[in-house]
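Encoded as structure tokens, the following chain is the form predicted on its own, with no partner shown.
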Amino acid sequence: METTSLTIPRYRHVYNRLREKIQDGVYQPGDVLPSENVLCERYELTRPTIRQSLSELVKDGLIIKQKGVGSIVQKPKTGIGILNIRSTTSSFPKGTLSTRVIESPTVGEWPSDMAFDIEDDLREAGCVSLSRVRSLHDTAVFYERTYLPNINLPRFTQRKFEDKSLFKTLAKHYDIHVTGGKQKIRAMKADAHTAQMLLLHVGDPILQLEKEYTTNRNKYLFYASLWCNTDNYYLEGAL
């Protein structure tokens, strides 16, 4: 029997655990996940909750439901699943994504050109920013800048994010879990800095994603700007 955390929805806890096991290879393509009855007993949850967890895995293309058989694990997709408001790291098969830190976490003021309105109390607290380049199979696929309110994040500037998941760090050390969010997407041309980060030419077409994340902390939101090289990979996500 596994216990669930009350800081995130119960269905999301099961979803996260099953997704991790699929991406870590515990469940291989073609394997059948434990039955709903087994999962209900393992997590001490109701059948509707377990079914919601499995439905999310179906939406992400990680499993298919087959009548008389159960939930069958699917082969990972070739797209980049970062259109969902989820951990970027969890969107890729284990071992395929590498992270290079461009700017380590630094305390400062919020940028003046944020894509979303920042609440006054968050703005007054200042922010912690960091930037990273994420590569898939040694190809730089996106450059990311992240901004977090500088509230109750002890020793955050001392954390290492080389090949580390920001979401997992927030969950493990600060009990901050992403619960949802929204995003804005636009096509643009790479400027000199972005082209350098993504190993492109100035003027090459790229996509920019602006993300606002909500969390289990009351009124605690954080933000990310991503510039994506889609020459070799498309972006995908469940609707």
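For every residue, the number given is its place in the sequence shown, counted from 1. Basically, rigid core = biggest C-alpha set you can superpose within 1.5 Å across the two forms. Note that the structure is predicted; figures quoted are calculated from it, not measured.
One more form of this protein should be noted, the form predicted in complex with the DNA, which is absent from this view; the next part is about it.
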| said: Which is the contacting stretch out of 66-74, 23-31, 187-195, 204-212, given heavy atoms within 4.5 Å of the DNA in the predicted complex? | reply: 66-74
| query | Is G180 close enough to touch the DNA in the predicted complex, meaning at least one heavy atom pair within 4.5 Å? | reply | no
| task | May I ask you to check whether Y15 falls inside a 4.5 Å heavy atom distance of the DNA in the predicted complex? | result | no
| Quick one: does K172 come within 4.5 Å of the DNA in the predicted complex, counting heavy atoms only? | no
| message | How about R42 - does it come within 4.5 Å of the DNA in the predicted complex, if we only consider non-hydrogen atoms? | response | no
| If you line up the core, does K189 shift 2 angstroms or more at its C-alpha between the shown form and the other one? | no
| query | After fitting the rigid core, is the C-alpha of L226 off by 2 Å or more between the shown form and the other one? | reply | no
